[in-house]
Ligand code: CP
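Let's start with one chain on its own, the form predicted on its own, as structure tokens.
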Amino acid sequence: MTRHLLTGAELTADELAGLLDRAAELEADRHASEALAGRSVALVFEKPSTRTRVSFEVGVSELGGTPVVLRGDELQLSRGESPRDTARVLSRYVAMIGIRTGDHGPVEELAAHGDVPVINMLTRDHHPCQALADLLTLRERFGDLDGLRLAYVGDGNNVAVSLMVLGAKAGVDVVVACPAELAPPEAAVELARAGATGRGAATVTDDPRAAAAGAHALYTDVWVSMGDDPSVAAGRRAALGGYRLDEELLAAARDDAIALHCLPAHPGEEISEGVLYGPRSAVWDQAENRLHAQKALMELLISGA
């Protein structure tokens, strides 16, 4: 059976736990697996990338495979070829396809019409690979995930959605604090709640201090994302001014709380420089963990289990 990771909801709670276990093993021994030996993986980037591109390229290589990196303007997709036809062609060449793009629809089309696993490396709706790395980071710091409280403050974007979907499935109480006009779609919140296990939950509030109270981790993302209309940037910054991850907000969380950010960051805007580079920041471990979590994911998907 061909398996995909499009939203994170495709994983069962047991599979998610096993994937994080395997990611920890691959972190301890980065060359412990040859799951992609003799195989190639197409990595399609229609959006610029640092962490996603490097972590996937290195990950495929460390699993023994060959990464085939393709920019959007290098493919006939940019000239109108359909995702359906692209999926059928690429499936004849490679063992797996990863795509980082804007609209979520083309990712679903690739999965529907291809014969190999498809990984959503980022769309505007979901960023599941980031959430896998985030959960691995939380597990490294606190051990058992069940019952942890994670407060996300800022724009209720794709990162917030994936944190709810995968976090709740892992037993994490995920609270998203954002202005009402920037809240995650209700359908995404319901998707997260439907898959919650243990003490996992997904909640949305407009009060960042209430979200931070008792939290093991505070998380934020940029206020203006690539591809956002420049004309709305000023309004977004004004709406999010009270949702900054700074020393004052961190003080409202637990004494051992950590700070998370998926990067790139804009110190002084959504996060203070003191928090980003301070002793309670786990941001750099979080970035590294993209590599280990994604290797475990690719190993799982290529196995067909």
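Computed from a predicted model, the values in this text were never measured in an experiment. The numbering used is simple: start at 1 and walk along the sequence shown.
The form predicted together with phosphoric acid mono(formamide)ester (CP) is left out here; the points below concern that form.
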Since the partner isn't included here, can you check whether phosphoric acid mono(formamide)ester (CP) sits close to all of T2, H4 and S91 in the predicted bound form (heavy atom within 4.5 Å for each)?
no
Only one of 41-49, 60-68, 275-283, 238-246 sits within 4.5 Å of phosphoric acid mono(formamide)ester (CP) in the predicted bound form by heavy atom distance, namely 41-49
Counting non-hydrogen atoms within 4.5 angstroms of phosphoric acid mono(formamide)ester (CP) in the predicted bound form, say which of L26, C262, L36, A253 makes the cut.
C262
Contact of Q130 with phosphoric acid mono(formamide)ester (CP) in the predicted bound form (heavy atom, 4.5 Å):
yes
My question is simply whether K295 lines the interface with phosphoric acid mono(formamide)ester (CP) in the predicted bound form - judged by any non-hydrogen atom within 4.5 Å.
no
Given that phosphoric acid mono(formamide)ester (CP) is not shown alongside this chain, does R100 nevertheless sit within 4.5 Å of it in the predicted bound form, heavy atom to heavy atom?
yes
